[in-house]
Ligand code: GLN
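In the form predicted alone, a lone chain appears below as structure tokens.
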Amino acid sequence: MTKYIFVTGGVCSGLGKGITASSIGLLLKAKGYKVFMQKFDPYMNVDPGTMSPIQHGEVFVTADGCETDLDLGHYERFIDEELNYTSNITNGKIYSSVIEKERRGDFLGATIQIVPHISNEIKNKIYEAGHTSEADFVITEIGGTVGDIESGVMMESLRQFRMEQTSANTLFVHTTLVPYLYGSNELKTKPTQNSIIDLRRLGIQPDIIVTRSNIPLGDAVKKKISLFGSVPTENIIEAIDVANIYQIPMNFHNQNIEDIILNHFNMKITKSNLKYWEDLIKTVTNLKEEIEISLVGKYTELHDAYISVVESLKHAGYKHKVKININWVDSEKLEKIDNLEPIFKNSKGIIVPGGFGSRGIEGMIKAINYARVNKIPFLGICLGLQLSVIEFTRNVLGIEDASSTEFNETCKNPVIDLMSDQKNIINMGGTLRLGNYECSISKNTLAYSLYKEESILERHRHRYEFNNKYKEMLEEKGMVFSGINPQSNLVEIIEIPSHPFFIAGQFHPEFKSRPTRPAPLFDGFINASTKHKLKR
């Protein structure tokens, strides 16, 4: 029978519920158990797909095409499992589903109420994750903090869920803040005490408390939290601030959190297989060489908008034993700068990631031109591919008005155009080309040397595509279309063989990158960038 672990938060946001949940998942998987993860977000959006990256951060995409919160990226990178549509649940999704059922008459004329109809729908999503994944453990993170108005019905649903499943099949992990007051030089437990009281008022008693602090708690503080929280001292897990997030699972492991969980469920405690993770930590801790990579984007004011890209760069850096320093370049500001040399003088590689809309586009095109002309290693992702084609068409073919119909609906040379099956779509949410699509790779190309496969699957999130009408003339000038979707003949990868390293993918390879297994395009990009550093 599937066991269910719920991770809640108190006191304030940003305590690391997602990393806590991911670390628990990693440690249980290291014991040989199958793990699946969920994120429950209290906001009323159906999914993050139409939310601003500047407000909410990156939209992560699962293999089956679900647009999700960025926390799912942390989950996948830590537990190295592909998640799906059951992993990202929002209040908007719950309410939409219940209203749709009411409109169909599924409730036979009953008055629709928060309890039981909304709470039942939430519980059904938890059960669905258990049934479809067939996992030993489903770990569900609840967004926000205890006491938030938006999450009230979710907490009530968890209370009911525990009654149905009993504590034998459920476990609650509560993350709290234990602040250190420098004036009195002491750790204060009152915020944690009050947070636990708030949780109890909702009918939930935590089984494990994870305390976020910048120094160790000490026995006296632990005993105090234990007394007021009705939790054994050994079930109080310290989450001390660390410079490297990959250290967090090992810190938890050293406090036996996975054994505490298995004991709670009366399950077999096996030996942990964590050597690969320990090796990763050693690599990250001992990086001595450094290189600068310029990330040119339109959402650079919130770095979380590109979190999977940044993590993927780091993954490749770990493999090549170099620390990656990001030079954040606002593409909109770049439009007003003529001399780009001071911006990129220390950069050993330039990356242009995904995005939507016309703002900052010309700045990205200038950066791509600079990388191409100056032979600097370049990687384009999604929008980065489209702008690479536009730059090449303008500056190599001499078609100065080449553009995309996303930026100019009446442009005469739309080298990037709307897909035919997208032209009549009205709703923006969930209507992009999403999730895994096949890509056939030509042999004797840079792409093939990186993937070493003729057929791959990569995740997509876009609406516009390369216009095949321009393919032949671009090939005549030296651009190679090395990856093609065999079902639709759509372009997936472009490269320029005359350049030391210039490649772009219409997909998002960052979504499949892992700390111990970097995505091939990022692997090749950082490898080329380190060689460029030595050359210079």
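Residues carry their position along the shown sequence, with the first being 1. Everything numeric here is computed off the predicted structure, so don't read it as measured data.
Below, we refer to the form predicted together with the named molecule, which is not included among the displayed structures.
Taking the partner from elsewhere, every residue among Cys382, Gln386 and Glu406 has a non-hydrogen atom within 4.5 angstroms of the named molecule in the model of the complex. Note on the interface: of 172-180, 232-240, 354-362, 187-195, the segment with non-hydrogen atoms within 4.5 angstroms of the named molecule in the model of the complex is 354-362. Interface residue remark: Lys123 is not counted as part of the site for the named molecule in the model of the complex, having no heavy atom within 4.5 Å.
Residue contact with the named molecule in the model of the complex: Tyr246 places no heavy atom within 4.5 Å of it. Although the partner is absent here, Lys31 lies well away from the named molecule in the model of the complex, with no heavy atom inside 4.5 Å. Interface residue remark: His74 is not counted as part of the site for the named molecule in the model of the complex, having no heavy atom within 4.5 Å. Scanning His462, Lys348, Arg212, Lys314 against the named molecule in the model of the complex with a 4.5 Å heavy atom cut-off leaves one residue, His462. Along 489-527, a non-hydrogen atom within 4.5 Å of the named molecule in the model of the complex is carried only by His508.
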